[in-house]
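Next comes just one chain, in structure tokens: the form predicted alone.
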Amino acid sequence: MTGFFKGIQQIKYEGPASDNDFAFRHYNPDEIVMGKPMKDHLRFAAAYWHSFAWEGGDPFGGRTLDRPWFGDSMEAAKLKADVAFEMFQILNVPYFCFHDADVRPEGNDFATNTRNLEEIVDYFAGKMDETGVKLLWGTANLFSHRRFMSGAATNPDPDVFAFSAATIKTCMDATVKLGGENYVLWGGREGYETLLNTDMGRERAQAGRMLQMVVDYKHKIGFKGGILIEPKPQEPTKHQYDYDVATVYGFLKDFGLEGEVQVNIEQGHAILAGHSFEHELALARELGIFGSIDMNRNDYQSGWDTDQFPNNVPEMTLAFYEVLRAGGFKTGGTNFDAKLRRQSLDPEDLILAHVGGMDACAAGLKAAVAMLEDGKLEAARDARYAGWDAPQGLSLMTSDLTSIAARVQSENINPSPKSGRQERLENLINRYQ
């Protein structure tokens, strides 16, 4: 034991009446919900980067967190891993996620980066065997180093493209070696600042080719997990090629990959794109590309991606309602892509942030299950579209303008508006909280 979380015992479920800060009130991992344990619905994962690599800086100030593993050495990386797996066990989370740069020291070249990653992957493997914690997904950090300032796959320099492709290969290999269930492509700088120096067609083609190579390599090595793209709007670049679920789907269609790649949807990114989280989840379901989620929230006054831990149960309810309507997670899960506030310095803060987030998700899941089982929302939705299931409605989808116009005239169709009953449905949703 490292002693970093000294005195903090494993978090247990104590129920809604508990006044113990270090206890779950809603998350009961073994509670059977819709025929399976709650833990299998939620499939929680802790994010390595925000929990252990983030230093507490913001655009106006530097590091506020002081962690004993901060340092660019293999010894520091292994201490970080020791602390991370202690946290995973305290929280009893079944999964974690990481970028390569989160877990290994940065080398002076690709070969050193690869050796460092391979060494820490071997260390992870031992920790995973000891604890039973699994890898939900791995990914490559192709945005932090200055070499990626103009993107990775979309970079105007072919050497950066090549470096990025090689790095992705090593990270996919690491993910497979650790039994990861997905591989994520997070295009943090796959966009542009100005069209004055940008060939948009060329950059989209480069990004498409990179993704095709990822899919080809997945099949070459026999990786059975999912390949996921995380939609990412306007941060940090002004225009992102993977702006939202709809944009990603169009990109996949362009490059013949819609049957190969799904999306990992983040709540904060959905808000930045001008959508709700449930909109992005519902659209991914309808398009057949729903895969996994990053769970966090934004500060709605700030207008940027603040990556806060979720605490809004009604929001979580609507999100998990869409997850359940999509059939639930298969290889995906609920990853806490969330970080402490820069003034939250204590080890206890890191534990309690996750406890609160896990409880909010569990409460949202239970409310979503109640909504589905009750069926009133779906019944109201079905009633609104009932005319389309009648013979005349069905015929419209196979008719042409001429025949429809003739019918409207002969039957003197003159429809009156019908209420959408939004307020009634909003009131209904609040009954489940």
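One-based numbering along the sequence shown. Model, not experiment: these values are computed from the prediction.
Absent from the display: the form predicted in complex with a small molecule. The rest refers to it.
Figure note: of the listed segments 214-222, 325-333, 118-126, 131-139, the one touching the small molecule in the predicted bound form, with heavy atoms no more than 4.5 Å away, is 131-139. Taken together, the three residues H269, D305 and D337 all lie with some non-hydrogen atom within 4.5 angstroms of the small molecule in the predicted bound form. Although the partner is absent here, H99 is a contact residue: one of its heavy atoms lies within 4.5 angstroms of the small molecule in the predicted bound form.
In the predicted bound form, at least one heavy atom of K232 sits within 4.5 Å of a heavy atom of the small molecule. A residue is said to contact a partner when one of its heavy atoms sits within 4.5 Å of a partner heavy atom; D294 meets this definition for the small molecule in the predicted bound form.
Remark: W186 counts among the residues lining the small molecule in the predicted bound form, judged by a heavy atom distance of 4.5 Å or less.
For the options F309, F161, F143, Y243, the residue carrying a heavy atom within 4.5 angstroms of the small molecule in the predicted bound form is F143.
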